[in-house]
Structures are given as structure tokens and as C-alpha cells.
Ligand SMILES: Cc1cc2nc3c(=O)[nH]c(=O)nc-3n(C[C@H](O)[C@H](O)[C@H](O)COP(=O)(O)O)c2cc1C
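Let's start with one chain on its own, the form predicted alone, as C-alpha cells.
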């Protein structure tokens, strides 16, 4: 509890610093823009909306525009959504003033060519057999602990991370980063820190550590989102790796003070940055064995409109 409290407090301080001097990304801007996106797609849409947060969102946009270190893609997205917002609402005196404030740093810039705003979903455009392909990848995936002595190309890792970035996260803040280690000395050192790697950690070609960052949140109420959002992204990453012929093994990260301290020291982690999980990656040794791991039956995993839930005993 003490470590979590310290992490949350450090994250809140870093969040406030980021509000005033954004760099790379602005969690406040991302949250505000995503809230406006959701308001724009509401049916029916009111003629005046988002009054509770439009002011702080425009302010965050102006501060991000003034920074030389904020991602240009993030600014383009924010600018397009705000432009769509001010075109959609009835301009009260307050909103007219905020519109002028928003347009000042843009200097008359047009929306981006891609027009990064809510769009009509349309009919499903997935290729035929998409579910069968996904199911095949998911069923083929097994936790692999024995890998070939074969280099893993970084473009494959980058492609998997890019795919993982499509995973949903609360207000699109993506409070995670993927720390990738493919240097053998680094891998041996770090893979020995978590529990459950005894006997095979020296056989791991690549180690990915999914890190959550509490600095992306304005309130302690969101302190568990690094684990929720990080896990959603991690599963997408794992399936993306599997689809490219790379095998993985999820390595549990226990909440043990000594191991937290060892990882923080090894990677110079700030207190608000917490490990979500470790993932071993490589080309599976075809002669290596994997666990059968019988899955629970469907009726133990799901229920419909049942006040007691799946798998519970009824009177």
C-alpha cells in the first residue's frame, strides 16, 4: 500500500507538470478530445454540449501547440476534432471566445488531409474468414519457454507494437509503454528478476516489459487503469506476434518489494512507472514441449442475464 500510494502521488505530480509543460503527449488533451469525440457522435446531438470540459481542453490544446515537443499527430487529431466541435455547436458568447482562443495558434490552418474526426462506421469491411483466422491464431498460441537461437527482426516487433496500439484504453490515454530488450546481456539480467522464469530465462531471445505510467491520470480513482489498459494492449501484442510466426510466454510480475526495487534500479524507473507484465518472445524450438493447458468449458466462463453468474451453485 505504501508503494502504491507513493506511485500515485508521484504520478499526480507528474500529471500536473505535464499539464503546464506537455512533452510527447498531453494526457489532459487526449482525454478532453476523446470526450468531445464521444459527444460529437451522440444521437441526438445537442446544439450546445461539452461545456464542463471544453475550456480546459482548448487551454490544453494551446499549451500543446506552444510546445516544440508534443507529437504532431496528436496535435492534428486534436485540431481536427476541435474544429469539428466549433462547427457543430451553437456559438454562445463563451464558446465564441473559446473558438477564437483555439484558432489563434492554428493561424488559419486547415484540417488535416485525413480529417481525424468521428466517421460513419458503415458495413463491416473485414475480409471473409476473419474470425476463423483470428480463432486459428488464438488457438495456436501457447506459452513457449524453449526458443531457437535465432535473431528476432525488429520490424516484426515494431509491427506488433503498432498493432497493440489499436487496443482500447480509457479516454484514449494509452498509459503504457513497451520496453523491448533484445541484447542477450540485458535479457539475461532482466529475465531473472520476475518469479517463474527459473530454468529457462537464459533461453529467452527477446524480453518485452509492459510498463504502466500513472502520470497519465488526474485522479487516484484511475490508479488501476495501467493494469487494465496495459493488459488489453499486451494481448493484442501477443496475437500480433503469433500471427507473424513469433511465440511468446507471459511472465507473471508479482507484487514483491524486493523485485520491484530490483527492476526500478535496473531500469532507473520513476516511482509512478510500474511493471504490468513481462513477455518472452522468440521463434519456438519445434522440439520443445508446451503445456496442454485444458481450458474451462464455455458454461463455466459465461452467463446470460443470470444474477448469480456462470459457474456458481444455485439453490
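Positions refer to the first chain, counted from 1. On a predicted model such as this, the values are computed, not experimentally measured, just so you know.
There is also a form predicted together with the ligand; it is not shown, and the following applies to it.
Practice task
Using heavy atoms only and a 4.5 Å cut-off, determine which of 73, 105, 184, 196 is in contact with the ligand in the predicted complex.
Solution key: Residue within 4.5 Å of the partner: 196.
Exercise for the section: Quick one: from 115, 188, 154, 142, grab the residue that has a heavy atom within 4.5 Å of the ligand in the predicted complex. Expected result: Filtering the options by heavy-atom distance leaves 142.
Exercise for the section: Using the partner position in the predicted complex, report whether residue 200 sits within 4.5 Å of the ligand, counting heavy atoms only. Expected result: Answer yes; at least one heavy atom of residue 200 falls within 4.5 Å of the ligand in the predicted complex.
Handout entry: Proximity of residue 295 to the ligand in the predicted complex, heavy atoms at 4.5 Å
Key = Yes - in the predicted complex, heavy atoms of residue 295 and the ligand come within 4.5 Å of each other.
Problem - the ligand contact at residue 50 in the predicted complex, heavy atom, 4.5 Å - result: It does not: once the ligand is placed as it appears in the predicted complex, residue 50 has no heavy atom within 4.5 Å of it.
Handout entry: residue 249 within 4.5 Å of the ligand in the predicted complex, heavy atoms
Key = Residue 249: yes, in contact with the ligand in the predicted complex.
Problem - Stretch in contact in the predicted complex with the ligand, which is absent here, among 58-66, 24-32, 264-272, 251-259 (heavy atoms within 4.5 Å) - result: Selected range: 251-259.
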